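In the block that follows, a single chain appears as structure tokens, in the form predicted alone.
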Amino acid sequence: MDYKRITVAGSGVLGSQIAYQTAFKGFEVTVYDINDEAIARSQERIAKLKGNYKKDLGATQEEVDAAENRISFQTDLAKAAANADLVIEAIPEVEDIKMRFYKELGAVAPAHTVFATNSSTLLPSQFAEATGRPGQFLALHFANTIWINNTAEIMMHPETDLNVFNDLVAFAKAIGMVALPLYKEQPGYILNSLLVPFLEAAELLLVKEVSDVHTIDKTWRIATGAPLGPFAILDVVGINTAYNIVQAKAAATGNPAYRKLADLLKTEYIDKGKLGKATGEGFYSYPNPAFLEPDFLEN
């Protein structure tokens, strides 16, 4: 299929990035979210992305404006999906929310529309039947800061049509991604199979009071040469996402450490509006986080 009209469902940090990157590469994009407030926040994010593309990619003012003009916004799902060749879902990492969304989407989207989930940890087979079109459903997972960290993991489930899979690989390349095909389902794909346990280990060190945020990040960076520590990465990922993953793990395992960690993330960060870099504060304060200070890695 030659995709022309793309709908991105979910206008959070990554959803807005997916929408803008897709529009930047010449596609007509509709952004869907549940209310006007969410749409307004997405419009603000996209306005800021224009500056990033000029700074990081050398894009011209004309190019960034043209990309923005290729994006429309919608709070009515039926209207958002009405002409879509592809719907990319980037809604919260909560199984019940995604299940409900796909049942609603499957009922209103055209028969030819392909659905792709950007889920970080949940498998496409969990939602395939709810879509009403399992052969036209698969995963398309992006990394945050999409215009720089331009990976796209395309993962099929047992019922995905191979032609649909190959079409999505081609689409990922068309929007400037390095396409990474996965032919078998794997929770966490490649990136998060490596990243989530790493971030979780750091969070558990914190919640068990083994050490503090700065010391944990400092240890990792000095010992490995990495540019960011785990808590700086969590600020980029977003603390809501981290909370949803930990909350699900607490429910599944009954492990009190995960419950304590979920409570910490909610009460000390989410409830206080400290959601990460996107809100100006998370484990660090932005735009001048402590880990950028010249002496951060010193004793």
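What you are looking at is a predicted structure, and each value in this text was computed from that prediction instead of being measured. Heads up: residue numbers just count along the shown sequence, starting at 1. Each form is matched to the other, and the largest set of C-alpha atoms that superpose within 1.5 Å is called the rigid core.
Not pictured, yet referred to below: the form predicted together with ligand NAD.
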Heavy atom distance at most 4.5 Å to ligand NAD in the model of the complex, all of V13, A38 and F142: yes
Quick one: does I91 come within 4.5 Å of ligand NAD in the model of the complex, counting heavy atoms only? yes
In the model of the complex, does F137 come within 4.5 Å of ligand NAD, counting heavy atoms only? no
I97, heavy atom within 4.5 angstroms of ligand NAD in the model of the complex: yes
In the model of the complex, T160 touching ligand NAD (heavy atom, 4.5 Å): no
Residue (of V236, I34, A257, A251) lying close to ligand NAD in the model of the complex, criterion heavy atoms within 4.5 Å: I34
Within 4.5 Å of ligand NAD in the model of the complex, heavy atom basis, the matching stretch of 285-293, 5-13, 19-27, 272-280 is 5-13
Stretch 116-140 - residues with a heavy atom within 4.5 Å of ligand NAD in the model of the complex: N118, S119, S120
C-alpha of V31 moved at least 2 Å between the shown form and the other one on rigid core: no
Given a superposition on the rigid core, I'd like a yes or no on whether A67 shifts its C-alpha by 2 Å or more between the shown form and the other one. no
